[in-house]
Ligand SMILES: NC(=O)c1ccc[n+]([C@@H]2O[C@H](COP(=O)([O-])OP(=O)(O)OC[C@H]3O[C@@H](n4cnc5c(N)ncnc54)[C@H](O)[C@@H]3O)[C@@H](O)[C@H]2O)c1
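Have a look below at one chain only, the form predicted alone, in structure tokens format.
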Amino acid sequence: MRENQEFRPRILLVSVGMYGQKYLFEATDHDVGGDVVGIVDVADNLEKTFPVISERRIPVYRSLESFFARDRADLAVISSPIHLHTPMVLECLKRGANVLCEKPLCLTEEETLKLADAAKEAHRFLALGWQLNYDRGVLALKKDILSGRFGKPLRLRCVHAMRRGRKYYERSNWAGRITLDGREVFDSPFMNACAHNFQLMTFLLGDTMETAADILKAEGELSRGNPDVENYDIAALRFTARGDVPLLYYTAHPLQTKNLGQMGRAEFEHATLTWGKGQPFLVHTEDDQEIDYGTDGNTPLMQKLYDAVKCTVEGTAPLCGPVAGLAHLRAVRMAQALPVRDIDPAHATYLEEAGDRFVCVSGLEEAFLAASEAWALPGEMGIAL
């Protein structure tokens, strides 16, 4: 631990145009324990988009190299497109900065281990932005699972889907893409926007507080509802985790409903866990005890930033490191190898709302809910989208 308790880390924000703006606002609206000393972003007129940049006189740079040529950082927060994470993480570590990188870290296990090794060699931490891994209730729940309090896990499922339309896919050149400029992207609701609750399930089953349960095999039904999207945008998936534990996950973007879920259930030998949006992580034991671990959202969304700053001061590392996302990464690659079918255009309608246009697949919500209740894939129940 550092002797100087007044030490305030110098924070570099890398890409603030999309998700990264959450870090910008958190770090400028509140005292996070450190100070933003620079922003790296290629967007023009960033100061007009975010006036706080000019108000705080935060310098904006076009590249990491130009920032590090003039300044230094104790913590770099990276929210750039996924296919840019690896070189940016390596550059920041080389320059002596700890790194908090948004999820997913990268798209291969080899890259993950390379980045983990680079952080170790640099004597810096590399933390990932899986925010549920920072939730204090989730951490307490995982400790109880690891202690054997509920017995062995038997099966887990979750429905987590969010409607996304034209603006979502037009916001970047990689949204919905399988590859971009020869690099894998694999953007889909399962890989990106609705990934958190699947990663949560693997994290809860990890054999240490830092790890997630290995994924051994996958099966599922992938579909493309939006004809303008390259990758799949509907997924009903069944994975087998270490210990032969089935994990079922249902996610999609072409919905009539703005948000479907989260609706999660995990069954153990001696207890059942349920959770959902605005609902607590609630365990019912076989002897009629009820244990409330708190509602998703009780821990602030940006707790990951506060934890990263605190660890920078203390010379420690957040629990959510590179290996926490390995199970999700393996699952993404397994899912990507499955066939994708196009939804019959006759089964889709279009919704115009708030200046946006959404593709909506008829009966999708009902199919997911029915399949989830049956612990099945829609096709196994004779449900055709």
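In this text, residue numbers run from 1 along the sequence as written. Because the structure is predicted, anything quoted here is derived from the model rather than measured.
Same protein, other form: the form predicted in complex with this ligand, not shown, and the subject of what follows.
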Just one of 33 to 41, 66 to 74, 351 to 359, 317 to 325 has residues with a heavy atom within 4.5 Å of this ligand in the predicted complex, so point it out.
33 to 41
Quick one: is Lys304 in contact with this ligand in the predicted complex, heavy atoms, 4.5 Å cut-off?
yes
Wondering, does Gly17 line up within 4.5 Å of this ligand in the predicted complex on heavy atoms?
yes
Would you classify Phe125 as touching this ligand in the predicted complex, given a 4.5 Å non-hydrogen atom cut-off?
no
Look up in the predicted complex whether Pro81 has a non-hydrogen atom within 4.5 angstroms of this ligand, and give yes or no.
yes
Within 4.5 Å of this ligand in the predicted complex, do Lys143, Asp214 and Thr240 each have at least one heavy atom?
no
Only one of Lys258, Lys152, Arg136, Arg171 comes within 4.5 Å of this ligand in the predicted complex by heavy atoms, so just point that one out.
Arg171
Pick from Val229, Leu115, Met263, Met88: which residue has any heavy atom within 4.5 angstroms of this ligand in the predicted complex?
Met88
May I ask you to list the residues of 238 to 270 that have any heavy atom within 4.5 angstroms of this ligand in the predicted complex, in sequence order?
none
